[in-house]
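The chain below stands alone and is given as structure tokens, in the form predicted on its own.
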């Protein structure tokens, strides 16, 4: 049986079967890329990729994104509550606190001048219950707005700020002053046009602090409302992970969040991030690096 793309019941997401991601020819990859543009999220069950294969598949979509720890040029991150000694990190630890931030709707790296293009997440250890990942279709969220709201938002620009979104979860503790200096607030349109499909979508989420030129608190509430209203059925897909699953999503038009799980159970996910395709993107890794390895955190 050849490649099969099975859409979910939501406005986004599809499961892809009949393909081995370690043995992709160009024609098959083109079908995968086209399906990704259409569905925003693709689920590949039971692929069991090692880190090298995960990196190789990710690079098919473009240059990988550099760590916010700029001394590291790694293209792969270990999102885990398991410590180096094998024990589950205590709730009060920086490692555990940092992961809590991922349970809020966001687009990866939108706090950078060029946000991420794609994220590719693989399940290595899953808890007995909880720990799902959920995605929200911001294309359909934009389509659902009335005409007056679309018109008002058309020229609005949101300030996305790493310090605003990460400070409550230990994000300022993991970086030194020089690293933080590279993460000054940036601006992105609230309404964006997808470069491959031409569809408009909302670009909001936890990293969006406020709207430039508008009242701080009022615009902050508006952005939160747009996120909450947009992330409603039928625009939601939630994936229950099995070890070996791998999922790719489009950060340019999709928000995501993780779900909590029992704090005494281990969960380890490995993620790559594909850099946004804008000339001069200072966060893009231009070539493979001998320093590519798994590192801890959302880096």
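Positions refer to the first chain, counted from 1. A quick note: this is a predicted structure, and the numbers were derived from the prediction, not measured.
Although not depicted, the form predicted in complex with N-oxalylglycine (OGA) is the subject of the following passage.
Colleague: Decide whether residue 118 counts as a contact residue for N-oxalylglycine (OGA) in the predicted complex under a heavy atom distance cut-off of 4.5 Å.
Modeller: Residue 118: no, not in contact with N-oxalylglycine (OGA) in the predicted complex.
Colleague: Is residue 132 close enough to touch N-oxalylglycine (OGA) in the predicted complex, meaning at least one heavy atom pair within 4.5 Å?
Modeller: Residue 132 belongs to the contact set for N-oxalylglycine (OGA).
Colleague: Even though N-oxalylglycine (OGA) is not shown here, does residue 139 get within 4.5 Å of it in the predicted complex, heavy atoms only?
Modeller: So residue 139 does not count as contacting N-oxalylglycine (OGA).
Colleague: When the contact criterion is heavy atoms within 4.5 Å, does residue 102 count as touching N-oxalylglycine (OGA) in the predicted complex?
Modeller: Looking in the predicted complex, residue contacts with N-oxalylglycine (OGA) include residue 102, since a heavy atom lies within 4.5 Å.
Colleague: Among 256-264, 230-238, 50-58, 32-40, mark the stretch whose residues have heavy atoms within 4.5 Å of N-oxalylglycine (OGA) in the predicted complex.
Modeller: That would be stretch 256-264.
Colleague: Pick from 153, 79, 183, 145: which residue has any heavy atom within 4.5 angstroms of N-oxalylglycine (OGA) in the predicted complex?
Modeller: None of the other options qualify; the answer is 79.
Colleague: Which residues in 226-249 have a heavy atom within 4.5 Å of N-oxalylglycine (OGA) in the predicted complex?
Modeller: Result: 249 alone.
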